[in-house]
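Presented as structure tokens, the chain that follows is alone, the form predicted alone.
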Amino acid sequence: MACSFVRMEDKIKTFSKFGDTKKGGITRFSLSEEALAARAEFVRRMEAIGAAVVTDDMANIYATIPGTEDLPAIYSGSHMDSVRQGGNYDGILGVISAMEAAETIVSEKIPHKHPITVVVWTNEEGARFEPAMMSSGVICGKFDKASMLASVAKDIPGYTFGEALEASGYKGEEKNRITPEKCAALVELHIEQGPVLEAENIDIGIVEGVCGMINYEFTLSGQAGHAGTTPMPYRRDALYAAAKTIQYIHDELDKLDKKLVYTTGKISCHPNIHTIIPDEVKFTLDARHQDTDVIKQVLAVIESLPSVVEKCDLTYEKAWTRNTVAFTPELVNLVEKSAKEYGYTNRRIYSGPGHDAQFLIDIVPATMIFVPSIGGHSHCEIEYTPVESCLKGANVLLQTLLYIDEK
């Protein structure tokens, strides 16, 4: 069985209108007016194919088509919210693909024993209300619900997630949450958000898990002084010391496994005035790898740093970490079997970014499917995956759901 190219293209074009930036992308913050319009379109389309739609207390949406037997449902979906000036594929493609798989099952009258539930997770990006993966995190016990409800919007001072939830019209009951008893398996389709699949001419990424990561913040403390009167030998320039430290860290990390990725993505310099020697500089290090031993090697590099660099004091602290997550092997194998069934090129891969599925794996069997991102672009307006690639992903998702149903 195959999904419909025409329907896939229509869904992609339709949902790209909600939050359209007129520059090829979207800004669709969680529970914003644009996001609520997208949700209404989702509900309309799912009800049109006969799905029963409910929401839980975190506004996650569950649209279910019945099976022939009283069995736990097979879940698939992703998120609709975006970052500011994001793309039309991150998150929403997983929702669209699950919608299309369900519509194909209904329209082609494909027999299936289990109910099929298309799910929309609330506030995955954390672009409006921090943290990311908020609602899946609450239902999986990662975050305290009261703290999440108090999270303040970045676009409206003082406006909380709890207030947005109440105003949305999508706040449901806690009893509607996904639970181990209700769920046979969960499969999330997503764009890769990186360049590997396209570079290797691969149709389908078979996601084995999500890379572990660490995030540290470093502080170099020096002494402010006049840029014109302080001789170079007397200076304690925190920015220069930070530059030397960053160079050292990067040089050392380059000696480790080639799959290791690391980023210094945030730097703050005080007082940030061109006539004053910087007295304090902070920078971050984000490092990711699937092997915990490699992450330990990264920590060893950090711990090898001296306490003084170029006469400036160096300190660091852990911001947060994430352990490597392995998806359910049986489901990973079924994704691979499905890709081969269609004759699609495929390879196994680990995800660098985080996804709702990495939380859900703690309570239900789960895996993911990747499709290529052209140029590796994501979280930007030029993010793009051709409809042909989207359709291949939807086909693999459809067949995977049917294989799970058989088992």
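Superpose the two forms; the largest set of C-alphas matching within 1.5 Å is the rigid core. Keep in mind that what you see is a predicted model, and the values were worked out from it rather than measured. Residues carry their position along the shown sequence, with the first being 1.
We do not show the form predicted in complex with a further copy of the same chain, though everything after this point is about it.
Peer 1: Want to guess which of 144 to 152, 187 to 195, 102 to 110, 77 to 85 is within 4.5 Å of a further copy of the same chain in the predicted complex, heavy atoms only?
Peer 2: Of the options, only 187 to 195 has residues within 4.5 Å of the partner.
Peer 1: Should the three residues His226, Met232 and Tyr262 be counted as contacting a further copy of the same chain in the predicted complex, with contact defined as a heavy atom within 4.5 Å for each?
Peer 2: Yes.
Peer 1: If you check Lys171, Lys244, Lys182, Lys311 against a further copy of the same chain in the predicted complex, which one has a heavy atom within 4.5 Å?
Peer 2: The residue from Lys171, Lys244, Lys182, Lys311 that makes the contact is Lys244.
Peer 1: Counting any non-hydrogen atom inside 4.5 Å, which residue from Asn272, Asn323, Thr315, Ser304 sits next to a further copy of the same chain in the predicted complex?
Peer 2: Exactly one listed residue reaches within 4.5 Å, namely Asn272.
Peer 1: Hey, in the predicted complex, is Glu200 touching a further copy of the same chain, heavy atoms inside 4.5 Å?
Peer 2: Close contact exists here: in the predicted complex, Glu200 approaches a further copy of the same chain to within 4.5 Å, heavy atoms only.
Peer 1: Does His114 make contact with a further copy of the same chain in the predicted complex, using a 4.5 Å heavy atom cut-off?
Peer 2: Contact check for His114: no, nothing within 4.5 Å of a further copy of the same chain in the predicted complex.
Peer 1: Taking 4.5 angstroms as the cut-off for heavy atoms, does His377 touch a further copy of the same chain in the predicted complex?
Peer 2: Result yes; His377 sits at the interface with a further copy of the same chain in the predicted complex.
Peer 1: Give a yes/no on whether Ile276 approaches a further copy of the same chain to within 4.5 Å in the predicted complex, heavy atoms considered.
Peer 2: Output for Ile276 is yes: heavy atoms within 4.5 Å of a further copy of the same chain.
Peer 1: Residue by residue through 350 to 382, which ones have a non-hydrogen atom no more than 4.5 angstroms from a further copy of the same chain in the predicted complex?
Peer 2: Counting only heavy atoms within 4.5 Å of a further copy of the same chain in the predicted complex, the contacting residues of 350 to 382 are Gly352, Pro353, His377.
Peer 1: Honestly, after the rigid core fit, is Gln223 moving at least 2 Å at Cα between the shown form and the other one?
Peer 2: Comparing forms between the shown form and the other one, the Gln223 CA shifts at least 2 Å.
Peer 1: Quick one: once the rigid core is lined up, does Pro233 have its C-alpha move by 2 Å or more between the shown form and the other one?
Peer 2: Moves: yes, 2 Å or greater.
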